[in-house]
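Below, in structure tokens: the form predicted alone, a single chain.
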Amino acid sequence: MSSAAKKLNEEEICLLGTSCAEVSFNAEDIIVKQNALSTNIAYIKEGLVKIHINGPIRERIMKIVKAPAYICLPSNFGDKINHFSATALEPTTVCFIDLNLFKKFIYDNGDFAYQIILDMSRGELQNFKNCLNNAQKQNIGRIADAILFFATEIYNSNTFNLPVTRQELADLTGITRESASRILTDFHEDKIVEIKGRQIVILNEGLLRQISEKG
């Protein structure tokens, strides 16, 4: 249950239970499609999701979202269509909640609304940070940032399987696939990380953080 849902009263929780449709997705399944009508709130109960936009030239991954979390709220409240897509990166369970019922909770329950605002504000602040990093850091710093993000924010471990392809890593960091692959190879050869297929083991976290900070 989300921090916002914990603010619902007993009657509202019952309404939520009857209006929520739980759906399971496999990796690479599309959960929310760009330019489709926005009729439901999507809440990630379990799993990992990428939020991405198809631009005029190439796709851009805006962020990676780990359960539990609501996704696509800006589209839900700002327009009638989805302005980006959400795709599962690993087996993911999503609860789809009727948009009108969700809005009713916001109108009627101030504590619930406040928690939703907090979640959206944290997401917005993270977007600002990502934009600043991409604008001011060199490619090597962006890749270091991405590795540390997966280690600390997603898996809480210095050993993990990278949930994205090299192309997706490039789309996430705003560089080319060739640059992303070359930097990963350099990190491996310099024994900063060990790479076996998609498995990454951080060998020298201190140096990786220095690279991240200096960009």
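So that there is no doubt, residue numbering starts at 1 and follows the sequence shown. Fair warning: this is a prediction, and the values are worked out from it, not measured in the lab.
What comes next is about the form predicted together with the DNA, which is not displayed.
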property: His52, Gly55 and Asn82 each touching the DNA in the predicted complex (heavy atom, 4.5 Å); result: no
property: Residue (of Asn109, Asn130, Gln115, Asn139) lying close to the DNA in the predicted complex, criterion heavy atoms within 4.5 Å; result: Asn139
property: Option touching the DNA, based on a heavy atom within 4.5 Å in the predicted complex, out of Thr165, Asn158, Gln34, Thr39; result: Thr165
property: In the predicted complex, Ala151 touching the DNA (heavy atom, 4.5 Å); result: no
property: Contact flag, Val65 vs the DNA in the predicted complex, heavy atom cut 4.5 Å; result: no
property: Heavy atom of Ala146 within 4.5 Å of the DNA in the predicted complex; result: no
property: Residue contact check: Arg177 to the DNA in the predicted complex, 4.5 Å heavy atom; result: yes
